[in-house]
Ligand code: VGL
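In structure tokens, one chain follows: the form predicted on its own.
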Amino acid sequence: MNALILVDLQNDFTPSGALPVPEGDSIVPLSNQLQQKFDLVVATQDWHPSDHQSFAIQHEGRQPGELIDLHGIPQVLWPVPFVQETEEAQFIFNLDHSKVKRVFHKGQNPRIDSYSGFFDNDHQSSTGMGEYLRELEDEVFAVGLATDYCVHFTATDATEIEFRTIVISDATRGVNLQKGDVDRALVALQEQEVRILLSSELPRSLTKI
């Protein structure tokens, strides 16, 4: 069996959000269509406290986009996206989430970021998504935002905990802080045995992939 993971389809990732992804909102209609192919759909949401240490404003003299060491882990500093309970952290308005069975919040620990939908970046804390899916599925498909961060790390972790993993690339968009980041992320995923498919390549019977 298989599941679709909607990764961080949230307002702050739209072109008008705090962390804009070019055309980030353009993948919502395709994401809605893809949900109809799956019996199980889950979603992730970045859910930061307002004092999260991944925010550049928490570090005097630092700017968004800079790379620092945060408690022993490389950390890109961000603006102030996905603050818990704000409108900016909610799902993009036209996302159909009526089929979503569970939402997994991530990034709640103010001391460590969480790109992956499965674990914090130090891999010391689990969101519970892996345990939930393991009871039901053995194959996962990922769509969402952003290709080079949260989709990348979610798919990587899915593979590492032994799910068969597919990223539907035309239902993702990337931040591209550095030119070519998205392409490099997709190559890295393929090297980790994640399959990269277009939505048009999905067979009618997804369980046979």
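Since we're looking at a predicted model, the values are computed, not measured. A residue's number is simply how far along the shown sequence it sits, counting from 1.
This protein has a second form, the form predicted together with the named molecule, left out of what is shown; the following refers to that one.
In plain terms, the part of the chain that comes close to the named molecule in the model of the complex, with a heavy atom within 4.5 Å, is 146-154 out of 62-70, 163-171, 29-37, 146-154. In the model of the complex, the named molecule stays beyond 4.5 Å of every heavy atom belonging to residue 104. Interface membership of residue 185, defined by any non-hydrogen atom within 4.5 Å of the named molecule in the model of the complex, is ruled out. In the model of the complex, residue 18 stays away from the named molecule, with no heavy atom inside 4.5 Å. The named molecule is not drawn, but in the model of the complex it has no heavy atom within 4.5 Å of residue 119. Within 4.5 angstroms of the named molecule in the model of the complex, the stretch 32-51 places a non-hydrogen atom from 46 alone.
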